[in-house]
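Just one chain follows, in the form predicted on its own, and it is written as structure tokens.
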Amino acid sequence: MGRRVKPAPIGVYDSGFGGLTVLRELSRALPRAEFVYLGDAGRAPYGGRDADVILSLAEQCVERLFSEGCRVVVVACHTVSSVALRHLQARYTGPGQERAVLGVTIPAAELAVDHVSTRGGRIAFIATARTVASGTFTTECHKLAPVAVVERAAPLLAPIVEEGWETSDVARLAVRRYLDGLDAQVVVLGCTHFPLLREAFEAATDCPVLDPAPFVAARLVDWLTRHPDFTVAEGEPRFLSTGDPDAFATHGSRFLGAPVTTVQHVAETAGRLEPAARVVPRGQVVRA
């Protein structure tokens, strides 16, 4: 066993709001733990960005959470987990660093494979375009078992949720169109926005619809049990956002299922995210 370090908060990172659905489950599983949530809402969405941009944004966000005292960071975004998780782990974790970076896509694969292993059938994974293009979910499933997997990009769904239209006819129609023609026996929600669309998904298919977030939380509890050196601080959640703090608090409450308290604005300065006052520029902007 290594040296026991000072109790630290758990960081949760997402490109915007969706990771709050994961934080909701993490908080249920670890009700006394202190979480620091960073939503990169000012630079979202990530789903259409190329890999190099995602790596750079992910580095800045994870480094900010380390600066906030976190030693464990949960990447609560399938796009980042699918594209950048291995990079983040190679860069920031390892012997002597007393840090860990965990994702959501591998637990999603474990949950899906366990489901079809006991019930049979093909897995359908619905996610952002960048997540699907990575092929990571299928790769992780095939590491576990020779299961059949189909991945489908659904780029309109996250913006629909961002607009607050998750219970609208638009949402139901879009989900139905994305699921049309899928020959699968289980549907996995491969974007952390999609739990807000669960009702629309369940109306559009007779298949079980799996939200990986509760299983992600269970896996984190198991990981902490197996790594007792990573002691967790107790306290209330803290929130950081690169977007407008007031808007983040308002919209974030829908995802978290509880009020989002004071939000600290952070902004990119010389390649790093630093606390900053929220200033909305007007007219032409000239950078010094």
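A residue's number is simply how far along the shown sequence it sits, counting from 1. These figures come from a predicted structure and were not determined experimentally.
FYI, the form predicted in complex with D-glutamic acid (DGL) isn't displayed, but the following is about it.
By the criterion of a heavy atom within 4.5 Å, G252 is excluded from the residues contacting D-glutamic acid (DGL) in the predicted bound form. Proximity of P245 to D-glutamic acid (DGL) in the predicted bound form: non-hydrogen atoms within 4.5 Å are absent; the residue sits far from the partner. Of the heavy atoms in P237, none are within 4.5 Å of D-glutamic acid (DGL) in the predicted bound form. In the predicted bound form, D-glutamic acid (DGL) stays beyond 4.5 Å of every heavy atom belonging to T105.
Contact with D-glutamic acid (DGL) in the predicted bound form, defined as any heavy atom within 4.5 Å, is confined among 185-193, 112-120, 138-146, 202-210 to 185-193.
In sequence order, A44, P45, Y46, G47 are the residues of 18-54 having a heavy atom within 4.5 Å of D-glutamic acid (DGL) in the predicted bound form; the partner itself is omitted from this view.
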